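Okay, so here's just one chain, in structure tokens, the form predicted on its own.
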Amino acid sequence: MAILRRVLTGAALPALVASFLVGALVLLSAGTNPLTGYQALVRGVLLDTNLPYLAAAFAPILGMAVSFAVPLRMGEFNLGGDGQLVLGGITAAAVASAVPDAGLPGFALAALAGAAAAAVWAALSVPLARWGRVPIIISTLLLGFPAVSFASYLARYPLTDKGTGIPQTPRLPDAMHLPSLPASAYVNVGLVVAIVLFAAYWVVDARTGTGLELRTLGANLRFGQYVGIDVERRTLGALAVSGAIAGLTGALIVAGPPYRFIDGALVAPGYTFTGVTVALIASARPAGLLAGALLFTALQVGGTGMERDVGIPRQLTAIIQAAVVITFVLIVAVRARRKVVAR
């Protein structure tokens, strides 16, 4: 009941309704009946042939949503998800190529290396905030650009698959490919890892002292300091864990089809932006993360069906997604303003 009450009284539901109204206006302006467009979107999600893709796309979106949610729980924003995602992917590809005969244990080592590299990169924002007075929301965003550029350089020159003419690393050995799940050859154990990460986040958030401290800092920073919470240590830990989850997500993508790091391929689908959207509208609450990740994955997959059936570009779903963020922020800002005025 508490979850239902939060949904009905929070900002997420009106933001979602408003965003779909914006989508309806876009459909009308394109000369398409909104009901026809949204029916095509739903059919695109429920088609049997699209369900495996829905499950496969759900894993990285859920991973990036959890990555953003960890520091958000204490009121910090990690906007460098793209950089940490590609840093994890390129590191995993590089380490895997160094131990080509090690099989899945070798790739597990490569994935951990990718997670560690991304964790260190994200954690750099903490000393920058302490000694450089650079807000974490700014430093994480700025650190993302050199990380993406560095990964691009590695994929184009030192680690490139020579002779293909494409900025990509060599294909991983067959023994390092993530095993597919029994129900589908397209969905691999990366989905299981993403769900385990989400479950771990839920348990830590709801059942541990660490989760309580993060939530306390997120609700009232001064009160957290007053009761003796080490804010800097919690911030460092939250950013490092956030980066590690993003890096691990990138490594898992590389170990799936086409089994290599391709320049731009991890950033183009917009996993980071979608994850940020999901975490924001869920306010980093675990139950909301799961529901939001499912909804926005369905939007992405259904957009393909809408484009095929009624000729509306699937980028409409990006407009709906952006409208959710803008409307959500506006509602939160207006409610905060009303509270200030009421005092």
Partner chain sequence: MNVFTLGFVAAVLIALAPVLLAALGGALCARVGVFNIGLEGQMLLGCFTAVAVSARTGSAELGVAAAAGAGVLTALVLAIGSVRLNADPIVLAIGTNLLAVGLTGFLLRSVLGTSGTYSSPDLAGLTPLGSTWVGSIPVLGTVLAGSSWLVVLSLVLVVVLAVFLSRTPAGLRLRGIGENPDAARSLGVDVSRYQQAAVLVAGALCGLAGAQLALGNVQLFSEQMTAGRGWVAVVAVMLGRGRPGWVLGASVVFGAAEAFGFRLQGLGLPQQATDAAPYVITLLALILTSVRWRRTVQPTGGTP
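Every value quoted in this text rests on a predicted model; they were computed, and no experiment measured them. Numbering follows the first chain given and starts at 1.
Although not depicted, the form predicted in complex with its partner chain is the subject of the following passage.
S.K.: Out of 74-82, 208-216, 195-203, 241-249, where are the residues with a heavy atom within 4.5 Å of its partner chain in the predicted complex?
M.R.: Careful reading of the contacts points to 74-82.
S.K.: With heavy atoms only and a cut-off of 4.5 Å, decide whether residue 152 touches its partner chain in the predicted complex.
M.R.: Yes, contact at 4.5 Å.
S.K.: Do residue 227 and its partner chain come within 4.5 Å of each other in the predicted complex, heavy atoms counted?
M.R.: Looking in the predicted complex, residue contacts with its partner chain do not include residue 227, since no heavy atom lies within 4.5 Å.
S.K.: Does its partner chain get within 4.5 angstroms of any non-hydrogen atom of residue 277 in the predicted complex?
M.R.: Close contact exists here: in the predicted complex, residue 277 approaches its partner chain to within 4.5 Å, heavy atoms only.
S.K.: Residue 236: heavy atom within 4.5 Å of its partner chain in the predicted complex?
M.R.: Residue 236 lies outside the contact set for its partner chain.
S.K.: Answer with one of 175, 98, 138, 166: the residue that has a non-hydrogen atom within 4.5 Å of its partner chain in the predicted complex.
M.R.: Exactly one residue meets the criterion: 138.
S.K.: Looking at 287, 42, 30, 295, which has any heavy atom no more than 4.5 Å from its partner chain in the predicted complex?
M.R.: Comparing distances to its partner chain in the predicted complex, the residue within 4.5 Å is 30.
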